[in-house]
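In the block that follows, a single chain appears as C-alpha cells, in the form predicted on its own.
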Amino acid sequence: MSSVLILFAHPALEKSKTNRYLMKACREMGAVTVNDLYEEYPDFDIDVDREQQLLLDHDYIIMHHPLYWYSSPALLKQWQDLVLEHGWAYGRQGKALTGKKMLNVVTAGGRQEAYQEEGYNRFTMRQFLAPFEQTARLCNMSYLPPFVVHGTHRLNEPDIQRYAQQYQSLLSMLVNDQIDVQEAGKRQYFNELILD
C-alpha cells in the first residue's frame, strides 16, 4: 500500500465548481493527505521543513492545480522554488526524493482539442507540463502522465461528478499499487488508464 500527497494550489477555489468536487472526492480517500497550499500559506510564507517532511512521508506526489497561463498558480511555483532545494531534492547530494512518483492533476477551461499541436493553443498538455516532468526527473522521481479535466466552463454537474469519481479511481489505483509506472509513462493522460 502506498501513500499519496496532494499539493493543491488554487487561489480562487470558491469560483471553481469542478475543483471543489475533485477536492471533496480526494478528501474522502484513505492514505491520501491533502495539503491545500493557499489555505496553509495565504501569505506565501512556506514552512520548508514541514513541506520537505510531507514529501519524505509519501510515495506519490500529486500537484493539483488549474492551468493558469499555461502553467500553475504562483504559490505552487513558490513552493517548488523553496522546497526543492539543491543538495536535498537534486544535485550531487540531493537524493531525498529518489524513487518517488509525481504527476499533475490539472483543470483547464479549454477543450482537449485545443491542446494539440494543430489546435488553438499550438501545444499539447504534456508539452505545457514539460517543466514539471523535468523537475520530477531532476529530483530522481518517476513522472506519470497528468489527469486532466478539460472544458471546465462547459461541464454540467453529472460530468463533474464523473470526473470526481475518476479522480477517486486514480487515487485508489495509486494507494493500492495498481500502476505499472513504465507503461503509464507512455500515455498522454492518466485518464486513459481509468475505466469508467
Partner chain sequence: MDQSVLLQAIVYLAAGVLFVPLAKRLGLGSVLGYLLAGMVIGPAGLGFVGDEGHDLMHFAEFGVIIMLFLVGLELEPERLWKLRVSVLGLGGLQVLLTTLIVAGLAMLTGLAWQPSLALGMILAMSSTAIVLQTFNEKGLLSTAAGQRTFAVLLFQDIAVIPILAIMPLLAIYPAQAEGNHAHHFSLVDGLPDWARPFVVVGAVVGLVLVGRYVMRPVFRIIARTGMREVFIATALLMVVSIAVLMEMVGLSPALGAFVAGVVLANSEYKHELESDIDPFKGLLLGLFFISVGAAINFDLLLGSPWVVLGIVFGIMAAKAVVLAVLGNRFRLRTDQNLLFSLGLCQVGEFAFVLLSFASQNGILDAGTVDLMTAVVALSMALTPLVFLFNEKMLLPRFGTKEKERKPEDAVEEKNEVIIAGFGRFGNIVGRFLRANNVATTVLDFDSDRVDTLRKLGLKVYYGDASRYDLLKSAGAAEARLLIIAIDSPDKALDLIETAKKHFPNLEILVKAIDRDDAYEFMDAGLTHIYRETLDSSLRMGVDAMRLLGHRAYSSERAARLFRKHDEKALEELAAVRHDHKQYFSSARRRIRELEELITSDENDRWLKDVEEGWDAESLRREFNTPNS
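Bear in mind the structure is a predicted one, so any value in this text is a computation, not a measurement. Residue numbers count along the first chain shown, from 1.
There is also a form predicted in complex with the partner chain; it is not shown, and the following applies to it.
Within this chain, F44 lines the site of the partner chain in the predicted complex, having a heavy atom no more than 4.5 Å away. None of the heavy atoms of E157 is located within 4.5 Å of the partner chain in the predicted complex. Remark: D49 counts among the residues lining the partner chain in the predicted complex, judged by a heavy atom distance of 4.5 Å or less. Among heavy atoms of F123, none comes within 4.5 Å of the partner chain in the predicted complex. With the partner omitted from this view, the residue of G109, G119, G99, G91 that lies near the partner chain in the predicted complex is G91 [heavy atom within 4.5 Å]. At a distance of at most 4.5 angstroms from the partner chain in the predicted complex, none of the three residues R162, Q165 and L171 contributes a non-hydrogen atom.
Contacts of stretch 68 to 91 with the partner chain in the predicted complex, defined by any heavy atom lying within 4.5 Å, are made by Q78, D81, L82, E85, H86, Y90, G91, listed in sequence order.
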